[in-house]
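In the form predicted on its own, a lone chain appears below as structure tokens.
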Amino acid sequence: MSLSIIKAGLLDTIQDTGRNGYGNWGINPGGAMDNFATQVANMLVGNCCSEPVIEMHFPAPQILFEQNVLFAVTGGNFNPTLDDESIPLWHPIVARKNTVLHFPKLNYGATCYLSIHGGFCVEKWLNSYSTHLKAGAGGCEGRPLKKGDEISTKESSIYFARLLEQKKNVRVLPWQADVRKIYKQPHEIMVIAGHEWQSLQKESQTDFLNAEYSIHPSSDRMGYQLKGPSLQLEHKIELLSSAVHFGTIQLIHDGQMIILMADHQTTGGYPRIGHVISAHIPKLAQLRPGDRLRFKIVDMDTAEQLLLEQEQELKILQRACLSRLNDLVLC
């Protein structure tokens, strides 16, 4: 069983939930920009949360399913179609072989995810399937997907064709993930204060909390460069390089900020004035160049509570999806 790329997109890569535990070697976790959407995509098709998916940016690829398949599309809305028939996001969908998945129009969001029941047969590097572009490892030969690539998928004991009506090429299964709470107020990003927050001038602290910032066009998987009021430190400080993480907000020399994203370096020497809370990384990951955002500082207890609620929702969703899939298969 396999699928093939009949037209490549802007940046299509194999990703999973990340390559953790190798920061002391200078190897960042990488992984999907939106780990929440990645996990939900896998849950909808009955996979383990850490199975690899295809992460897509717009313009996205055209993909030929060479076998009957159960799949899901989550994350940003690129108006997906199957053989020119519109299909919804956040649903499990059965497709007949030789159908083509296409993403013709950007509606909203920055990254979109495709999961397949059983998962993809791709290379594992340092305990992760994620593509590490700089190292040229993991995923599909450590590179973006290109036209003509064929990606094998794991064999399934489920005969998906029986779930399709005669002469129908697609069936949307009647349940979905409700993600409205996770992505609500998409332009408000909560942060906790960083080590150098108190080193900012009071006026700059006020600007940070009250101003609107736009995402610069040169932003990518390494970092989102922000454009807004110039922030200033009370006094010039010299910092040793120290560990940084996905969501760390650094203040650079010109007074602007960079938010480190999935492919960030493992250490940095710029002042760390804040950290995006883990529960808001999915919202942040779906913002595009040109989008605007505001920051709101919260305490650690609030950040931990929001993350705990998000993780509990994922567990509930996973149990519900497995139950519905088992009922469907046993019918």
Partner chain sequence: MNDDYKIFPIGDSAITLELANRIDLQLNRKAIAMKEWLAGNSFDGLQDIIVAYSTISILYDPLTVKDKYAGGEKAFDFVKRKLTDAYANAQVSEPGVMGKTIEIPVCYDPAFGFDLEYVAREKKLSIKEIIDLHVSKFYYVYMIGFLPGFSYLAELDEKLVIPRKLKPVPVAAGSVGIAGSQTGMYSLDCPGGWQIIGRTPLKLFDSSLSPPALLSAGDWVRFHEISSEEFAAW
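Positions refer to the first chain, counted from 1. Values in this document were obtained by computation on a predicted structure and should not be read as measured data.
There is another form of this protein, the form predicted in complex with the partner chain, and it is not shown here; the text below is about that form.
- Using a 4.5 Å cutoff between non-hydrogen atoms, Thr248 counts as a contact of the partner chain in the predicted complex.
- Using a 4.5 angstroms threshold between heavy atoms, Ser323 stays clear of the partner chain in the predicted complex.
- Taking the partner from the other structure, the partner chain in the predicted complex has no heavy atom within 4.5 Å of any heavy atom of Arg288.
- The closest non-hydrogen atom of Ser50 lies beyond 4.5 Å of the partner chain in the predicted complex.
- With the partner omitted from this view, the residue of His102, His132, His91, Arg221 that lies near the partner chain in the predicted complex is His132 [heavy atom within 4.5 Å].
- Among Gln62, Gln67, Ser278, Asn35, the residue placing a heavy atom within 4.5 Å of the partner chain in the predicted complex is Ser278.
- Look at 144-152, 211-219, 240-248, 67-75: in the predicted complex, residues with non-hydrogen atoms within 4.5 angstroms of the partner chain sit in 240-248.
- Of all the residues from 187-224, those having a non-hydrogen atom no more than 4.5 Å from the partner chain in the predicted complex are Ile192, His195.
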